[in-house]
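Only one chain is included here, represented as structure tokens and corresponding to the form predicted on its own.
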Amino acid sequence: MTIVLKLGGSVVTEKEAPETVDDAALSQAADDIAETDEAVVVVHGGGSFGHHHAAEYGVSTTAGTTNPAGVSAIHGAMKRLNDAVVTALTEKGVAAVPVHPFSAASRDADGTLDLPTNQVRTLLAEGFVPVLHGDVVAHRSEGATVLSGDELVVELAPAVEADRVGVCSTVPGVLDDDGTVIDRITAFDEVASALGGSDATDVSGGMVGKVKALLSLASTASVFGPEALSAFLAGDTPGTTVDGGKTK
């Protein structure tokens, strides 16, 4: 079985404090991942690393920059966070290795993403745990734009023939207007009124971006909080199930 797991940036960092890792939360997530025997691809968000610099330079998934300082700042911050995530995993015995999207991914002028995935598939086949991250990518006619971790999940899940997709966020699932976890989402219109952007700086769409991205999958995905990560990796479906069409 193959799992694509997204660790939200707000889970592994102190999102209100620039470039600050949440060491306790990251260590617990690494413990949980170390317990599974399944093949796992890990994707992590930007949190207080990438988002802080992207906001400073006015870069998002659609608005780009041709300023090399901006590209270097965003990518450099994400590499530093990726180093921290990979280190936390390897310290727990996970065969984690870094994969940096900026080195290979690009967007066409219309925004279409090209993400070569053979490297990830090969690493999985060789027993590694590839760890990718939100990043900047070359974008024709825009310079460079943000590639979100949620977009990576959508690209990677079919490429590696993932059996399960999980998004670990800071909340126990997608919440309705009353703060109650929504059990299942099959269309964005069902939850549009209840969803808003992230409370902290987020240039990739917050929960809105997550739900829209997951609905584009041909399979189901789970959105859950850190306390449910171990249960998800053990085979449960905690939090909110986002159904992109497989079971409709």
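Residue positions are given as counts along the sequence shown, with the first one as 1. Being a predicted model, the structure only gives us computed values, none of them experimental.
One more form of this protein should be noted, the form predicted together with a small molecule, which is absent from this view; the next part is about it.
Participant: Residues in which of 143-151, 174-182, 86-94, 118-126 have heavy atoms within 4.5 Å of the small molecule in the predicted bound form?
Facilitator: Result of the contact check: 143-151.
Participant: Within a 4.5 Å heavy atom cut-off, is Ser10 in contact with the small molecule in the predicted bound form?
Facilitator: Answer yes; at least one heavy atom of Ser10 falls within 4.5 Å of the small molecule in the predicted bound form.
Participant: At the 4.5 Å heavy atom threshold, is Ile74 in contact with the small molecule in the predicted bound form?
Facilitator: Ile74 belongs to the contact set for the small molecule.
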